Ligand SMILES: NC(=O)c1ccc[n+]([C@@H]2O[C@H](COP(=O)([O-])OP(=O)(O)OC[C@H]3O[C@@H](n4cnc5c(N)ncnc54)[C@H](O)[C@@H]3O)[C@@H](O)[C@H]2O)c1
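Before any questions on binding or motion, here is one chain by itself as structure tokens, the form predicted alone.
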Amino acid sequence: MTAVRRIALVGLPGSGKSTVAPLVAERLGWAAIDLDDQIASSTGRSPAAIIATDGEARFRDLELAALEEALRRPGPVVIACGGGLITQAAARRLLTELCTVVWLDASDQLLVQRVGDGADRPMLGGSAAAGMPVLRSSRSRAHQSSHLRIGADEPPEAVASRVIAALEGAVRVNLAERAYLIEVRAGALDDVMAHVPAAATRVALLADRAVRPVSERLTASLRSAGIATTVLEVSGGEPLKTWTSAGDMLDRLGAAGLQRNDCVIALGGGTVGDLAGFVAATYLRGIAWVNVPTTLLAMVDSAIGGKTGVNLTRGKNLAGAIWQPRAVVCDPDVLATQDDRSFRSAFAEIVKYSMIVTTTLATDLDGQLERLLSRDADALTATIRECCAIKARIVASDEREGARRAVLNYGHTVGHALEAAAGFGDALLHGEAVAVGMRAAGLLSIRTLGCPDGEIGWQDEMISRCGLATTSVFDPERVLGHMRADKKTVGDRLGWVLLEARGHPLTGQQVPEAEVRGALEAVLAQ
């Protein structure tokens, strides 16, 4: 599952976990479980009484057992966790792997006001004023493993609304302890701060200068939250993805004083995300990063999955790392100003998903293409979420592209070679190249695997309807040369992703070069 189905609320005493959990559950129509109440019901004693008589270790055992019981419950659930539960290694592993963990955080001053003198809370040592800062310090590292941090200074109803806004409709990339969220909703840009590590004091915002108004808005939000923000402006596009650019950015992170606990935020299209993620993966051997895509192509594809990198002279993405972001934040509102050509190019990836998996996307494209092309907010949000969910499932099943993830390369074998032949510039955009590559792969699927003509015909017609059936005249021999340098080549043999039928891809297909040449000639010289 990629939808959020279990929400676990954690936080210090007074943060409102027990109050907010049932509010969130009621609005979502889910169940709510308070672990402290569950323990009290099963033992007949309060948590404070158990700790006083049996000791904290015994209470922690009961907490872990209560959590395990809650996680066995079928159906979606909101869990209010005891304050110290997340400090246990075994519990923390269960929470981060099986739940979306939300840290409700408020100032110590407000927390002390809420809990009173703390006489009935043994973990505060009998004094809330003295004990709260100590407790915060001891639990800080555990709380930072949360997937989302929500300010809990507001009334419970407002806090519940913020939790729901962030998680309702969100997509979860299930990668065990590296699991993260993809938010897809209007207004998500204003809540990027919820995904920045709590320990971060500095952020480097690597932003495309083409979206400067968005960059200025995000910068103001970060600085108002007390985060020192250094803006590193770049010009997006494939020419950005060079070894020189990466080295320059690493130097600039050092000059900005970023430390291990700090964070890089990528704001721009796929090339900005590729560079920012690669820089984050290599600076200090890896720091956190948050991807905030501003193009449709990045939202539905490149922002998800942690593949980062730059191009080398020999080919595309030949230097890189798999470094998962802390979160991906997609705000469809920012697409309003994207130019039409690059916006339409994203539809190559949307059509690709409709060909490689069983999904409703094909039906959506048939019935709603005009709404999507006209940037209807509701249609776009639903389509982006479905694409993110598809890719999240594939990434979760094969993080490092051992086998299953390779299906995402449908159309990219020729597409990447075309980009290299075009000089990685604006003459041929990534989506435009992939559209041509899909036509070539579709033709080979018919010729070598017997894929039904009508299904490839639908693909090619949809590419045309999206405005991507542009004339791309390249020398097939030159394109073949670039394909031989593809990073997916193993032992001088390039494995293709081809289709037996729509939704049934086969990876690692060996195709005679004569067949490849014939397909290239058919799609490149028209």
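This one's a predicted model, so the numbers in the text were calculated from it and none came from an experiment. Note that residue numbering follows the sequence shown and begins at 1.
Omitted here: the form predicted in complex with the named molecule. The next part is about that form.
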Q) Just one stretch in 152-160, 67-75, 316-324, 225-233 has heavy atoms within 4.5 Å of the named molecule in the model of the complex, so which one is it? A) 316-324
Q. Does at least one non-hydrogen atom of residue 183 fall within 4.5 angstroms of the named molecule in the model of the complex?
A. no
Q) residue 349: heavy atom within 4.5 Å of the named molecule in the model of the complex? A) yes
**Q.** the named molecule contact at residue 337 in the model of the complex, heavy atom, 4.5 Å
**A.** yes
Q) Can you check whether residue 270 is within 4.5 Å of the named molecule in the model of the complex, heavy atom basis? A) yes
Q) Just one of 245, 448, 342, 282 has a heavy atom within 4.5 Å of the named molecule in the model of the complex. Which one? A) 342
Q. The named molecule isn't shown here, but in the model of the complex which of 147, 385, 430, 439 has a heavy atom within 4.5 Å of it?
A. 430
(Q) Please tell me whether the candidate spot formed by 15, 61 and 139 is one where all three residues come within 4.5 Å of the named molecule in the model of the complex (heavy atoms). (A) no
